[in-house]
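To begin, one chain is listed below as structure tokens, in the form predicted on its own.
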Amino acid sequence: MVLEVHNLQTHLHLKRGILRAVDGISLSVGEGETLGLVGESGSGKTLTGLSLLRLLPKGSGRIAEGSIKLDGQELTTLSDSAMARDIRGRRIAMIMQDPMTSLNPVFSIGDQVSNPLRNHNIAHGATLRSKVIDVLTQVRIPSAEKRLGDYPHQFSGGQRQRIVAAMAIGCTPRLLVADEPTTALDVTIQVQIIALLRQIQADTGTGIILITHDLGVAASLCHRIAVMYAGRIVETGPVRRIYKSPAHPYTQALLAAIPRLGDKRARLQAIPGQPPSLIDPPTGCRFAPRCPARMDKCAEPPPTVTLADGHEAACWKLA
């Protein structure tokens, strides 16, 4: 396995109390595999990705418990300098959600793409310039050699997202965390970004964690899906099985809310209610207040039930 995460707990210390953003999740990613981490906004998906790189808010965020192993190496015990020198950008890279905030407007694209290559001693001098051109060409930036001196505002939204991807893949990381890489892009550009991630994986064997709320994007790219709700993973399984036979009521509700061509319903199906506060979450099943199948037993933490090879769900109605 490229990545193995066990019982990861990430807390944010706020004035109102301790927010349990990631509360005891376990997951794994193999070589050349894409794991989709899906769920509503605020479910803890992005904080999970940031926890893997230990890029939590200074002063308030910390990994309270759990294990993160990259190729068998424990990351939670590494020093900050070791993470910066050996792990971030080199062995784990992240494509942030908004390319305009990920790129510095006062530095050229050539400078920004070359930065991780230089910092990790991948290339220098003329070799560095050649490597930057190769990476930008790989992500299909037209006339890459002529555009090294251009700035972010001179590129379209889709091109900026590809440039962010170029910064992430330049050092050939073992794991790529892609946080909503298709957000705010039109459908044509979304298809191009998905094709790009597939090509990167085929060329390098990189493991990918795709963080998204778009179940259509997840279906087209992922091998497995992990459904996250209120800081916990409630269902995990192969993508086809999750979409064909969702077991957890939350997964069923997410899939039911997807609009479909030819569906003549007057209103889209929605999930009633709101996710619980992660400062004072329910003691039992966190989806119970919104669940149409809830029962008295849901006041207790549900067990994780194995339904088939690789398919698990945490729900009392399956026990």
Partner chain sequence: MLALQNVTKHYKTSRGTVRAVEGVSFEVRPKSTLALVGESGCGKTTIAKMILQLERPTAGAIAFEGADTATMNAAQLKNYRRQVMAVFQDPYASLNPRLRVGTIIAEPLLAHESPGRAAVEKRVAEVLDIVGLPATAARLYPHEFSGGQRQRIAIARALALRPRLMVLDEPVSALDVSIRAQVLNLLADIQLEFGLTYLIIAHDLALVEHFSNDVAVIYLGRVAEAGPTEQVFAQPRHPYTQALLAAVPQPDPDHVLNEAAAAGEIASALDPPTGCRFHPRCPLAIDICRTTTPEPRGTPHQAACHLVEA
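Numbering follows the first chain given and starts at 1. The structure displayed is predicted, hence computed values, not measured ones.
One more form of this protein should be noted, the form predicted in complex with the partner chain, which is absent from this view; the next part is about it.
Contact with the partner chain, judged by heavy atoms within 4.5 Å in the model of the complex, is confined among 126-134, 68-76, 200-208, 186-194 to 186-194.
Checking Ser277, Gln274, Thr283, Ser60 for any heavy atom within 4.5 Å of the partner chain in the model of the complex turns up a single hit: Gln274. Not displayed here, the partner chain is approached by His213 to within 4.5 Å at the level of heavy atoms in the model of the complex. Contact annotation: Val239 falls within 4.5 Å of the partner chain in the model of the complex, judged by heavy atom distances. Contact between Ser156 and the partner chain in the model of the complex is found at the 4.5 Å heavy atom cutoff.
Ala64 falls outside the set of residues with a heavy atom inside 4.5 Å of the partner chain in the model of the complex. Along 300-319, not one residue places a heavy atom within 4.5 Å of the partner chain in the model of the complex.
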